[in-house]
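A lone chain, given as structure tokens: the form predicted alone.
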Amino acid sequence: MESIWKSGVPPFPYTQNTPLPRRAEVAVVGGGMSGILTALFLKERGIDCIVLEAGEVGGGQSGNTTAKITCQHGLRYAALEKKKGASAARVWAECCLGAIDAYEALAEKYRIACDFERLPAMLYTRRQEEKLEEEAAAARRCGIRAELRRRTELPFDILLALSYPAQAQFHPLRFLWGIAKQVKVWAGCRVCEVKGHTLTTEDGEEVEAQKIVWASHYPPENFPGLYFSRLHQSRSYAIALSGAQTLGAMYYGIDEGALSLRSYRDSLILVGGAHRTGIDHAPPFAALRDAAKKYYPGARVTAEWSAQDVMSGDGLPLAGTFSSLTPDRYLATGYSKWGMTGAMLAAQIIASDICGERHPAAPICSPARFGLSELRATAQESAHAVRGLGRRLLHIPAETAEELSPGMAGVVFYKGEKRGAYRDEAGNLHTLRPYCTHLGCELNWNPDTLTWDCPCHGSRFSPDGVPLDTPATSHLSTCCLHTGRNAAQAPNEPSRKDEQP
């Protein structure tokens, strides 16, 4: 099923139908919220900018987000004061509050009907009262109106809630369509190589850009920057309900396994089941449906989808110059599940830098920062990659392809070799080499999204090996596809559409 945002909204209709220009001042890779906002801010400053998008505009995280625009990012401010200092925490709070205002101003300026709505964002706990009190005190020191409450409209008891008034939510794709038609976008244009200032697409077209912005979620370039050793990706899952009580605030639980909730018109959205991409996990949609039955009996599931987030070591975005060795390349990533606020700040930071200005959040979000949090993250990611690569050598499949029932998949023995195999509902067997084209880690099958996921860095592929999420950009090597148990034919589409392009 598609996300509630994609349902009933046609693909972005304003992409360019002309060949790519030979040159541009700035080329932005990625047509999600980060890339489109960056291009818009550059255009408003008189910069010639083009956007290259591999799939559809807004087809990735921007179309699968919960679409909350807040300065409330979980237990953020107490930790930020301790790690970065009180001054940095205040600057971050001010910039996040400014990001909300910036979305509202753009919606008004371009007359975008995107259901932008101001309402409180609330943290809640059923076990950790002291942590929430500590966070409230830190938020107030940062200039945020923070109000503690003992009661909420939630259908279960809580111990304590922390409310931040005047935050916002909206329809992300309607907003994105409104600003994307202001800039030059080439959709279906996958960048497969960058050398110097030249970008080469999968179709062999070349563009020379003075400056290049990577806004494609997870950076596909390994060097310089070594971001594969500093970032990982996480999936989370959502369902939309009709016939459930709608809410007057957005809710985020700080306890392990807690639900996130928000309303959109007459629908209620439940979010949960987060796990590192590529790692075995409990069935998230089943858990969300069980929660819906428990708290909202009689409600009906109208949509279910999943999303992918890039997680940084300290929970803050990476936005700015890609590396000191590549001063004309920029990076926007690492929003750590708060993509709408992060996208706005990243776009503001990068556009300001390109125009010779300095955004107040630039030092906090610099990709070059490398403190204790980043050092720990590097050690953890390196160890995780070693385990992933080791699995390629040491994992012995327990099954053969013949044992797979329709709808099942896994790494199996097939014709004497280790293969990734998926048998679709029609009985067709899809087989491929189960090794990520990024750095070679062995892939795992995700039965909730019907995708091959990399446990090392979060790349994802369709059952037939098409890359869906960076850092991998190349297709997996596929074997022949068999109908039933033997006859070969051309690959079919999977029987259930994946929710994350």
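The numbering used is simple: start at 1 and walk along the sequence shown. Bear in mind the structure is a predicted one, so any value in this text is a computation, not a measurement.
Keep in mind the form predicted together with a small molecule is missing from the figure; the text below concerns it.
Undergrad: Quick one: does Gly55 come within 4.5 Å of the small molecule in the predicted bound form, counting heavy atoms only?
TA: Gly55: contacts the small molecule in the predicted bound form.
Undergrad: Is the gap between Thr437 and the small molecule in the predicted bound form 4.5 Å or less for some heavy atom pair?
TA: Looking in the predicted bound form, residue contacts with the small molecule do not include Thr437, since no heavy atom lies within 4.5 Å.
Undergrad: Even though the partner isn't displayed, in the predicted bound form is Asn444 close enough to the small molecule, meaning a heavy atom within 4.5 Å?
TA: Although the small molecule is absent here, Asn444 would stay clear of it in the predicted bound form, with no heavy atoms inside 4.5 Å.
Undergrad: Please determine whether Gly278 contacts the small molecule in the predicted bound form, using a 4.5 Å cut-off between heavy atoms.
TA: It does not: once the small molecule is placed as it appears in the predicted bound form, Gly278 has no heavy atom within 4.5 Å of it.
Undergrad: Name the single residue among Tyr227, Phe175, Tyr335, Tyr77 that comes within 4.5 Å of the small molecule in the predicted bound form, judging by heavy atoms.
TA: Looking at the other structure, the residue within range turns out to be Tyr335.
Undergrad: Given that the partner is absent here, state which listed stretch (428 to 436, 41 to 49, 454 to 462, 28 to 36) has heavy atoms within 4.5 Å of the small molecule in the predicted bound form.
TA: Looking at the partner contacts, the answer comes out as 28 to 36.
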